[in-house]
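Below you will find one chain, with nothing else, as structure tokens; this is the form predicted alone, and questions on how it binds or moves follow later.
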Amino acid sequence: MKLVSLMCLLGLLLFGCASSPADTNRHSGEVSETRDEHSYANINEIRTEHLHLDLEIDFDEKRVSGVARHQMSKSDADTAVFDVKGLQIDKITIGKSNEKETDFVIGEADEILGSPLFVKITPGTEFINIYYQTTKETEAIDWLPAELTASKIHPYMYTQGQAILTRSWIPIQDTPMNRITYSADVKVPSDLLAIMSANNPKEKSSTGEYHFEMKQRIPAYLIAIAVGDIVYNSLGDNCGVYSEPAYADDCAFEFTDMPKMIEAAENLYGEYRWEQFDIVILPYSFPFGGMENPRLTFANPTLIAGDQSLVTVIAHELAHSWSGNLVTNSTWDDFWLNEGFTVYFENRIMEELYGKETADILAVIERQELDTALEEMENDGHSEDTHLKLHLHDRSPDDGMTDIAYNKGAYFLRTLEHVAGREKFDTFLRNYFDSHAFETISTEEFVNYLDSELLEPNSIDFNVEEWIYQPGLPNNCVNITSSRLNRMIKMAEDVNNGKDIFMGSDGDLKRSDFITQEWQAFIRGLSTDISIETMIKIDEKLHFSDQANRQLKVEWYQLAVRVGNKSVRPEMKEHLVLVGRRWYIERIYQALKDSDDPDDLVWAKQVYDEAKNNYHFVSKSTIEEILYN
């Protein structure tokens, strides 16, 4: 770090103490009362317009190094503030062709937010160049040795920026309130392919050098990169799948409906505005089912079920191309504007492709998960976390990534649709996406738009305030039912009452007789009072523990813990060691933690010690919170 003068240092620190979190909205510079509690950036004074990255990916040192070149808005400011966490800042210059080194200081570190990076500039400064490298403290990057990949030959790396981890691999104004364009020149080993949330190559470069452009404005959390032994399979004119070679054929089958999904989404809510919709199947350590990085959705290989039973995740990430990527939450307190809209939209895509019966099954499963989350939060004394609009001051934005944002948000929109009628509601949503395209929006701005464009013109009286700002689920929540799920719940009740479901007319019952969500309802309907012998017999017939897809294994392993059935521990351990997808492991670890048998927690910690190096930082943090707090 270049030393600064005493007066400059004092001035910068005073500025840092007095400055509030980012408090402007939209690229246009329109000032808003909205404040981003999770960024130090002074975007109300000066903000990044375009970012160019010159980077080298070093697998031997597990390091990304280079320069982040920020092209800034016109400003009279004498200081620009960026967000950093776990980065080594080597020097900072201003200017484009004739760079001149400038003073900077890194402020006090916060465990959640990282640190503000104060850069001394002169009024009118247009280019700020931050020379830096990542460190072992960088949280966004997962460096995987070859043994954790499908090939077992080549290493792999990828980033995960949501919510505020981009600042740990790029010095940046890390707030969703500032949308930017970006480009990158990246150097990687010549036997590997680099791809980003931008325009992408289809083949490896002999030099290992790649150039990327993202010409649409996006928030910082959507900047992402993956590097590995990757091949591309086209599935249509504007979509395809990147994966390790071992997964290529399976992906071509599993995601064959992607072109139909894009067509269905466009028919519902307008043009797909990102040109290309590709996905990349990452290694198992990836902490989410999918991440909606524009033009290149990151996805976990647990989606490859062999029967296309988990493609709802792809519909979800595609829907984000409108809700989240096109229209973005201003702050992480407004996260439901991303996920609630996306779950609703996902369900509409599934209805278009697979029928209302399937869509209703998915919605009922979501309601089950929502009811569970509401009960747990109430019992834990955190009813405020059941609001759609959150207040995450001094908390990690990850605390808001719950079934409330996803499923309560979706049921809010379903209830609005029920009251307004689908035709009017679809017109409203299509206009919403069009009128706010490539902008950010706060909950309060959405409420105003809802009032002026849907409720007031149609004289609709709706309890918006209760839905958004109050705990729990309002009484007017639309009720969705499924006769197919009711049948599965009845079959579970029969088991609870001692009936052998493999006798009589059901004697040839097979797992392939029903879809994943139907079996979810069955497993969730089983009592924890059933005998271990009953569980073992069901497993011998239906093979939940060893042959089912990962989503069903999660349900089965939780039940096994609650029943006390330790016979599935070998299969459960294989799952926990291999899979890093947070949702697919945290529920199992939580069941082990909550068990009345103290040996379960001891065993869970032993398994975690073996598995933790296979998990991304996001999943590690969640599991350690469960096991050690």
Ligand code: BES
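What you see is a predicted model; the values in this text were computed from it and never measured. Each residue number is its position in the shown sequence, starting from 1.
Keep in mind that the form predicted in complex with the named molecule is missing from the display, and what follows is about it.
Novice: Spot the stretch among 537-545, 490-498, 261-269, 161-169 with residues whose non-hydrogen atoms come within 4.5 Å of the named molecule in the predicted bound form.
Specialist: Comparing against the named molecule in the predicted bound form, the contact stretch is 161-169.
Novice: Taking the named molecule in the predicted bound form as the reference, which of D83, E339, D142, E254 has a non-hydrogen atom within 4.5 Å?
Specialist: Of D83, E339, D142, E254, the residue with a heavy atom within 4.5 Å of the named molecule in the predicted bound form is E339.
Novice: Give me the residue from M157, A373, V313, I121 that has a heavy atom within 4.5 Å of the named molecule in the predicted bound form.
Specialist: Of M157, A373, V313, I121, the residue with a heavy atom within 4.5 Å of the named molecule in the predicted bound form is V313.
Novice: Report whether the minimum heavy atom distance between M401 and the named molecule in the predicted bound form is within 4.5 Å.
Specialist: Taking the distances in the predicted bound form, the answer for M401 is yes, it comes within 4.5 Å of the named molecule.
Novice: Although the named molecule is absent from this view, report whether M196 comes within 4.5 Å of it in the predicted bound form, heavy atoms only.
Specialist: No, M196 stays farther than 4.5 Å from the named molecule in the predicted bound form.
Novice: Examine Y406 and determine whether its closest non-hydrogen atom to the named molecule in the predicted bound form is within 4.5 angstroms.
Specialist: Y406 belongs to the contact set for the named molecule.
Novice: With a 4.5 Å heavy atom cut-off, would you call M291 a contact of the named molecule in the predicted bound form?
Specialist: Judged by the heavy-atom cut-off of 4.5 Å, M291 is in contact with the named molecule in the predicted bound form.
Novice: Please tell me whether the candidate spot formed by E317, H320 and R581 is one where all three residues come within 4.5 Å of the named molecule in the predicted bound form (heavy atoms).
Specialist: Yes, the whole trio is in contact, each within 4.5 Å by some heavy atom.
Novice: If we check the named molecule in the predicted bound form, which of the residues in 369-393 reach within 4.5 angstroms of it by a non-hydrogen atom?
Specialist: None of them.
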